[in-house]
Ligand code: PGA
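One chain comes next, on its own, written out as structure tokens in the form predicted alone.
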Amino acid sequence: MMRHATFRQLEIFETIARLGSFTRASEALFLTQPTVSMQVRKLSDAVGLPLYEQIGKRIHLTDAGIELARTAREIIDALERMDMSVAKMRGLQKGRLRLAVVTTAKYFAPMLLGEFSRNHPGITLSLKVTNRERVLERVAENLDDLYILSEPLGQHDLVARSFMENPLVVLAPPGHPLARRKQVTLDLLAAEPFLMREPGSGTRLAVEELFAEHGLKLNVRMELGSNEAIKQAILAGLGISVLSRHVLVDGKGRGDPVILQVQGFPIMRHWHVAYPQGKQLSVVAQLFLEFLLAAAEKSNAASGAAVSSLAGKARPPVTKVRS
């Protein structure tokens, strides 16, 4: 019977399910592999059903294992929320924040976390950087507290708040013929070889939508898997591209791609902090959410600028996004 299962056994099994490996789970939990294996066997006996299959070196959860991993994660999350709530009642600020962001957000997310950490040094931070598709998968699996992504349209119901503008600009190598023009038309741009992220990328979707509205089609020369690869390909003269202006924030201005002045650009998108509809935020997640929105409001009030390193516009209302 499940009532004979211990919290430690659930924690071990949830870690195995999340990491996909007994070895990685034992390392993460600072336990020996025999201990991990023994606790999982006891848990499987308590459930009365096999929880996983091992094919080669890979672990595959059974239906019972998938359901148990989901339940274990809910129990662990609930206990973490309780721990953080009690800490807050005691006047302490500690706990854990798990943040997952799309690849482009890596150019500013560490700065945001750095400032948050200075204000709340007792909080442990975890940052996962991956592509948009994987972020949406993590949303579905409820693996993180909060998510940062541009236009949060996907396969899932989300509650999203805009906290910073995300201008998409056209980048070309220095000395490109179009760099001398004060206004480049979309017709001229459509003739240029484009370097693009993979299909499904939020930036690519925005560009394809703009060109389609004008009856134009992108001349995609090459698809690359990262913004840095695209920047280097631009500098190598392989083509032009559209990327977030934020990919240039760490540049020194020397040897960077140049921004073309193009009709319809910049395409103004927004960065959003999001979480699944119906999710109960932990005390720490709520604290970070309030930090982002307060930083955005403060920056907007101080400068009146549309884009800054911490914020774009004043706090907007909650947006429920349903695809």
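Rigid core (definition): largest C-alpha set, two forms, superposition within 1.5 Å. Computed from a prediction, not measured in an experiment: that's the story for all the values here. Counting begins at 1, following the sequence as shown.
FYI, the form predicted in complex with the ligand isn't displayed, but the following is about it.
*Looking at the partner-bound form in the predicted complex, is R70 within 4.5 Å of the ligand by any heavy atom?*
The answer is no: R70 has no heavy atom within 4.5 Å of the ligand.
*Look up in the predicted complex whether G200 has a non-hydrogen atom within 4.5 angstroms of the ligand, and give yes or no.*
Taking the distances in the predicted complex, the answer for G200 is yes, it comes within 4.5 Å of the ligand.
*May I ask you to check whether S162 falls inside a 4.5 Å heavy atom distance of the ligand in the predicted complex?*
Answer no; every heavy atom of S162 is more than 4.5 Å from the ligand in the predicted complex.
*Would H176 sit within 4.5 Å of the ligand in the predicted complex, counting heavy atoms only?*
Residue-level check for H176: no, no contact with the ligand.
_Residue stretch of 120-128, 97-105, 208-216, 176-184 approaching the ligand in the predicted complex, non-hydrogen atom distance within 4.5 Å_ = Partner-contacting stretch among the options: 97-105.
*Only one of K279, R269, H60, K42 comes within 4.5 Å of the ligand in the predicted complex by heavy atoms, so just point that one out.*
Contact residue from the list: R269.
*Could you tell me if all three of R132, S150 and N166 have a heavy atom no more than 4.5 Å from the ligand in the predicted complex?*
Looking in the predicted complex, the three residues R132, S150 and N166 all sit within 4.5 Å of the ligand (heavy atoms).
*Taking the rigid core as the superposition reference, indicate whether the CA of M268 shifts 2 angstroms or more between this form and the one not shown.*
Yes, the C-alpha position differs by at least 2 Å between this form and the one not shown.
*asked:* Taking 2 Å as the cut-off, check whether the CA of L99 shifts that much or more between this form and the one not shown after a rigid core fit.
replied: Moves: no, less than 2 Å.
*Is_shifted E198 between this form and the one not shown (CA, 2 Å cut-off, rigid core)*: Comparing forms between this form and the one not shown, the E198 CA shifts at least 2 Å.
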